[in-house]
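Single chain ahead, written as structure tokens, the form predicted on its own.
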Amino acid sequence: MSTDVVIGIDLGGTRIRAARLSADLKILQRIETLTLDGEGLDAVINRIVQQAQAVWPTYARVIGIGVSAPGPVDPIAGVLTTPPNLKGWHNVPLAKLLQDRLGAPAYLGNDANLAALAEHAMGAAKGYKHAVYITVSTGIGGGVIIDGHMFVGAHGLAAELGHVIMGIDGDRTVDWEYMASGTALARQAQAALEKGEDSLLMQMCDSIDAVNAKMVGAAAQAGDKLALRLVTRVGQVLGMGLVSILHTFDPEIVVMGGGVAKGTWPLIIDPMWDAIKKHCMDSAYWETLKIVQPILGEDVSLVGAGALALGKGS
């Protein structure tokens, strides 16, 4: 008697990872290789196929293939539109290409959306019907679970939470990502150092231009005044952005991951909550809300891809 399994694929700018997952989303086997996108589109697609074949079972039936890919993605059509970290990719019908090559239904999803799906299925948001996942890293991404289902909108473009508009700075429209991402944190630190502010950061690198978010987080953890001020402000801005998300989606739980959030969590969580309590229109939005860190780690993309396949694209 055969056992149904799914194949999860994580397509990134650096690595391609593939896994075979059971029907209850346990990873049974995984493998990875370099993406090497400079070799061209066909070469990368061949590598994806090879990785899937390497974890393909001989004893079980593959009922679906899920692919987690960097946005923007059209999950309804299964098309990877213009990923910023894959050279030469434009409107690639990746789901159909893999389905034709591998002989099983294939589904494509944005990596942040699938992280939300994974944490809902197997991680920190398991058991909650309404959840939001936020990743605070180089940029800010997100995913939304509504009534137990991944929300992608009419055209598959929903939940670009990093681009929630926060205001206007001069002639520039400012979004959440611009104000609170890792790139923002590094930019703000560099600007302060250029003005002559004293900081441990100058002992951590050769030049102001080399300062990055990871350094700012480490300096803040060490008690550096400049870094602490900037990280605290990022926590406040993250909280203000979450207010808009709470007002819009009213989730039970927010799962916040990504390198910046992980590296600064003890320093951002209190100012984040302070901003939420100050700016929410009513305490009903936050009285029972949980804000937690993810628990799936590197597996999140593979589990999310597997969950997408198991749910036949939803």
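Treat the numbers as computed from the prediction; the structure is a model and nothing was measured. The numbering used is simple: start at 1 and walk along the sequence shown.
Just so it is clear, the following notes concern the form predicted in complex with a further copy of the same chain, a form of the same protein that is not shown.
- For the residues Arg187, Lys126, His163, Lys225, the 4.5 Å heavy atom test against a further copy of the same chain in the predicted complex is passed only by His163.
- Contact with a further copy of the same chain in the predicted complex, defined as a heavy atom within 4.5 Å, holds for exactly one of Ala104, Val92, Met179, Met204, namely Met179.
- For the marked spot (Gly12, Thr14 and Pro57), a heavy atom within 4.5 Å of a further copy of the same chain in the predicted complex is absent from each of the three residues.
- In short, of 275-283, 39-47, 25-33, 57-65 it is 275-283 that has heavy atoms within 4.5 Å of a further copy of the same chain in the predicted complex.
- Under a 4.5 angstroms non-hydrogen atom cutoff, a further copy of the same chain in the predicted complex has Met240 among its neighbouring residues.
- Contact between Ala121 and a further copy of the same chain in the predicted complex is not found at the 4.5 Å heavy atom cutoff.
- Taking non-hydrogen atoms only, Ile134 never approaches a further copy of the same chain to within 4.5 angstroms in the predicted complex.
- Using a 4.5 angstroms limit between non-hydrogen atoms, Gln221 is distant from a further copy of the same chain in the predicted complex.
- Along 170-197, residues Gly170, Asp171, Arg172, Thr173, Met179 each place a heavy atom within 4.5 Å of a further copy of the same chain in the predicted complex.
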